[in-house]
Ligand SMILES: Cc1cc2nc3c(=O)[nH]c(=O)nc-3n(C[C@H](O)[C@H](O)[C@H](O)COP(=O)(O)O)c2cc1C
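Below sits a lone chain in structure tokens, taken as the form predicted on its own.
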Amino acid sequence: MKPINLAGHELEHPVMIGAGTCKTVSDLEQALRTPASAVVIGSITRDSRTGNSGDVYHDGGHFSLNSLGLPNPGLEYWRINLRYYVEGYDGKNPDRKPILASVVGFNPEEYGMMTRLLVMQKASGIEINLGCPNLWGEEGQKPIPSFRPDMVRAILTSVGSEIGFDHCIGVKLSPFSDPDQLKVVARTIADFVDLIKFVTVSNTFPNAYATHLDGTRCISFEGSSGLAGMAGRAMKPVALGQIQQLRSILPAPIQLIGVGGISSGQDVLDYLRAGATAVQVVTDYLNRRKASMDEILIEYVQLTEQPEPQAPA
């Protein structure tokens, strides 16, 4: 396999494990034992969160719904544990795979503070999650920063003021159905070309809904209206469209990471051809763990390293 360079990190190949799969050090150790070239932990919030309680995940076959509500042990947990894995202390992470951290703040200052602390703990990179649709409060669903250029600018300004520009920093966006809105947000990110090294697309599609055969909601918990983020196979053409559009708008130095519906080597190749430098596997890894990564990479190698057909004599 040909190695790739992602924001200064040499990766053995372009297939990573994405955020949402590694919440604890046990999850991380399991991910590091797969052939993935890099792992994204989190998303991490400042304080620990139990997440939403109830029916928060539904596997619909060709799609999945989730409204987990960002369950995670919090920033302090990873501040204590992360460095051991990044630097390979005591035999941890013997292959020295890059470990990126996905962060979610509830104001721009939190994003900046968390980014600074995780960079200090030697995180290989930070993925600023601007697209989680599954946060609910007394007033209903909280705003999704991806769709608010003013919030995007404020968050990136805060991050830049905390750490400077010489780090592997990226953002993860929600999928846009309005191409003009996508252009506005992309151009906002482009204003931070010295800070932002990559853009990951896409997060789950917001506000999806499904019912069981008896009419009851698939997603149900206190305060919920049944809405959730959609992921899985159905997301692949949506996310490919985001990659294709963003590659034509963003400056060349900003790389793209594709995520959404990847479960085969052909899926990986499709994302790379659309303009991605690397991909992240989430739903398929959650469902099949190491077998997912093994099978995706075997097929990817078969597709990319088969000999060129010989011209007839």
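Start at 1 and count along the sequence shown; that's the residue number. Keep in mind the model is a prediction, meaning the values are calculated, not measured.
There is another form of this protein, the form predicted in complex with this ligand, and it is not shown here; the text below is about that form.
A single residue from the set Pro145, Gly112, Gly125, Gly232 has any heavy atom within 4.5 angstroms of this ligand in the predicted bound form; that residue is Gly232. Taking the partner from the other structure, this ligand in the predicted bound form has a heavy atom within 4.5 Å of a heavy atom of Val282. With a 4.5 Å cutoff on heavy atoms, Leu286 counts as touching this ligand in the predicted bound form. When contacts are judged by a 4.5 Å heavy atom cut-off, His13 does not count as touching this ligand in the predicted bound form. Contact check for Asn203: a heavy atom falls within 4.5 Å of this ligand in the predicted bound form.
Heavy atoms within 4.5 Å of this ligand in the predicted bound form are found in exactly one of 242-250, 259-267, 30-38, 47-55, that being 259-267. Contacts to this ligand in the predicted bound form (heavy atom within 4.5 Å) from stretch 67-93: Leu68, Leu70.
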